[in-house]
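Only one chain is given next, in C-alpha cells, and it is the form predicted on its own.
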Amino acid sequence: MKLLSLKEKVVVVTGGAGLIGQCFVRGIAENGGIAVAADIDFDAAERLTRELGRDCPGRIEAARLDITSKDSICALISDTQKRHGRIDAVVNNAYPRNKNYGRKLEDVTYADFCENVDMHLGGYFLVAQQFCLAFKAQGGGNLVNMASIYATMTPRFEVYQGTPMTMPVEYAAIKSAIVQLTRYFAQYFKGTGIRVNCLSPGGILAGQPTAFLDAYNGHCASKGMLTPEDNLGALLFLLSDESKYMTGQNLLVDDGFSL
C-alpha cells in the first residue's frame, strides 16, 4: 500500500517482528524506505525479512535488539550506520513485559509494576537517548514513539466487564510518561535537526473476546477497533517530509474511541 514517499530513508523499527512492527516494516519498505526490523527475537526478525523480502527485495533487514541494553542499542546504531552511512529515523515500537503483565490492579505486585515500567519506559528512554545522540552527531534525524490513547484518557473499565481482560495500571503509567518523554526530547533537541513525535493508537485487533469488542466498538465512530494497517498512514506521515515541521506532537488514531 503506497501512501507517502520515504525514498531511501533508513528507518529502524524496534519490535519490528511483532504484530504492529511487521505492518510498519512492510509499509516503510513498500513506500521506498529501507526498514530495519530490530527485535529481541532475532529468529522472528529474520523470518519476517525472508517473507517480506520477496515483495520488497533489498529493503528489509533483520537486526537483534534488546531495548533495555545500552550496548545492544549502540551496536545496532553502529552497524546500521556502517551499512548505510546514516539512519534517518527510528520507531520506538517494542513492547516488553514480564509474565505477570496484564493483571488487575489489586493483583499487581510492586516488583512486577517496577519491572514492567523499567523494561518498557526505561527501554524507550534508552532508545530515544542513544538514537538522538547519534542523530545529533550526523546532523539530524526523526524519532517516533509509540504511545496509546490511554496515555491521555482515563480507562473505560466497563468495556472489560465479563472478560478476563483489564487495562493494566502499568500501561497507563508507561504510555502517559512516553508522551511527556516525547515532549521533553523534542524540546531538548530543538534546533539540532532532530524532531520527536508520538503516535497513539487505540486498541488493535488481536483475537480479543467478542463481548469486549462489542463494548469497545460502541464508543467508536465507524469501524471500531482498528488493525495495525489502519495506523500505517499516520506513521508514514510522521516519517515523511510531509511532517517535517512537526515536533513534540502526539497524533491519535482511534476511530473516535477517546472522545
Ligand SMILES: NC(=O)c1ccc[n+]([C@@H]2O[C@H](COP(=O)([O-])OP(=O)(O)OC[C@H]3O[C@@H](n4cnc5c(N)ncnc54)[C@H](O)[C@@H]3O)[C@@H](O)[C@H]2O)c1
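Treat the numbers as computed from the prediction; the structure is a model and nothing was measured. One-based numbering along the sequence shown.
If you look for the form predicted in complex with the ligand, you will not find it shown, but the lines that follow are about it.
- Comment: the ligand is not present in this chain, but in the predicted complex one of Cys56, Ile204, Ala234, Leu213 has a heavy atom within 4.5 Å of it, namely Ile204.
- This chain is displayed alone, yet in the predicted complex one of Asn142, Asn116, Asn93, Thr80 has a heavy atom within 4.5 Å of the ligand; that residue is Asn93.
- Picking from 106 to 114, 133 to 141, 147 to 155, 184 to 192 the stretch near the ligand in the predicted complex, with a 4.5 Å limit on heavy atoms, gives 147 to 155.
- Taking the partner from the other structure, the ligand in the predicted complex has no heavy atom within 4.5 Å of any heavy atom of Arg86.
- Contact between Asp230 and the ligand in the predicted complex is not found at the 4.5 Å heavy atom cutoff.
- Among residues of the shown chain, Ala37 is not one whose heavy atoms approach the ligand to within 4.5 Å in the predicted complex.
- Proximity of Ala29 to the ligand in the predicted complex falls outside the 4.5 Å heavy atom cutoff.
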